[in-house]
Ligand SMILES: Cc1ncc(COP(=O)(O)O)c(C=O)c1O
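Shown here is one chain on its own, the form predicted on its own, set out as structure tokens.
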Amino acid sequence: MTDRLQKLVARPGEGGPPLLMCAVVAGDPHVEATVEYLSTLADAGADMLELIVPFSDPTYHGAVIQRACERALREEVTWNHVRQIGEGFRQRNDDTALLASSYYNRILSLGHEPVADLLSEAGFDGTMVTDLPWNEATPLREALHKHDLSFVPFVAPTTPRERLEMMDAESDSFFVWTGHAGGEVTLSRRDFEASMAEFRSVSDRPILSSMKISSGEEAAEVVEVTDGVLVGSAIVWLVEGRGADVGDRLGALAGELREHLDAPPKDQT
């Protein structure tokens, strides 16, 4: 794990504010804009950023990110563009964690070692692969670990306890709770809290929740039982709307999320 990511992962256990992770699709609408959006989100308070490398069949993601991947692929986004985005962002920011995410075929097309080399050289802190099961990820994890990069696992409502225990024993950073097994979030609040209690009984690692969050109030409710949030579709939807003020709107949303996450819990106000 990089020093940058290690500091962030340690924060929840030290009583710090919840973590905020925001996602954008690489190359939507073009590479230079992606660097600007990442910088804007970081400046507004994002602790971590997910750069989604577009894929032709993003079956895990919802319609908003699917459309963004289509737009980015029309720009013929390559791994070299991912390198360019990472390097461009790192010229402006050295504190915010940056993780690349995609589907396994995009990684296989280049190779485990070349992908790990590229991400390390471009200033990334790790990666997430939506369709790569943990027990099949050892070759990629080993390639990443040579560069102190992390492979961040997803946890779904369908993840059994035995699998959680295995992932916790082998993981080195944090988890992302998807809130679904693909598609829309359908989990009730009661089931969500029960799932988080089950996770806490297995692991003390931070867990960020991806629950289609689109407002600061929603984020504050979610972190009552998690260590942070991952906001993707709401960010990408603003990019889809474009307009001259898209940067301002991205900054405003990230700022709203940060403000609510930093606020004391309801029982302490």
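So that there is no doubt, residue numbering starts at 1 and follows the sequence shown. No experiment lies behind these values; they were computed from the predicted model shown.
Form predicted in complex with this ligand: not shown, discussed below.
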Please tell me which of 84, 178, 195, 120 lies within 4.5 Å of this ligand in the predicted complex, judged by heavy atoms.
178
Note which of 242, 30, 200, 212 lies within 4.5 Å of this ligand in the predicted complex, where distance is taken over heavy atoms; exactly one does.
212
Every residue of 37, 47 and 90 near this ligand in the predicted complex, heavy atom within 4.5 Å
no
Although this ligand is absent from this view, report whether residue 232 comes within 4.5 Å of it in the predicted complex, heavy atoms only.
yes
Find out whether any non-hydrogen atom of residue 60 is located within 4.5 angstroms of this ligand in the predicted complex, and reply yes or no.
yes
Residue 53 near this ligand in the predicted complex, any heavy atom under 4.5 Å?
no
Within 4.5 Å, heavy atoms only: does residue 219 come near this ligand in the predicted complex?
no
TL;DR on 60-68, 38-46, 220-228, 200-208: the one with heavy atoms within 4.5 Å of this ligand in the predicted complex is 60-68
Even though the chain is shown alone, can you say which residues of 130-154 have a heavy atom within 4.5 Å of this ligand in the predicted complex?
130, 154
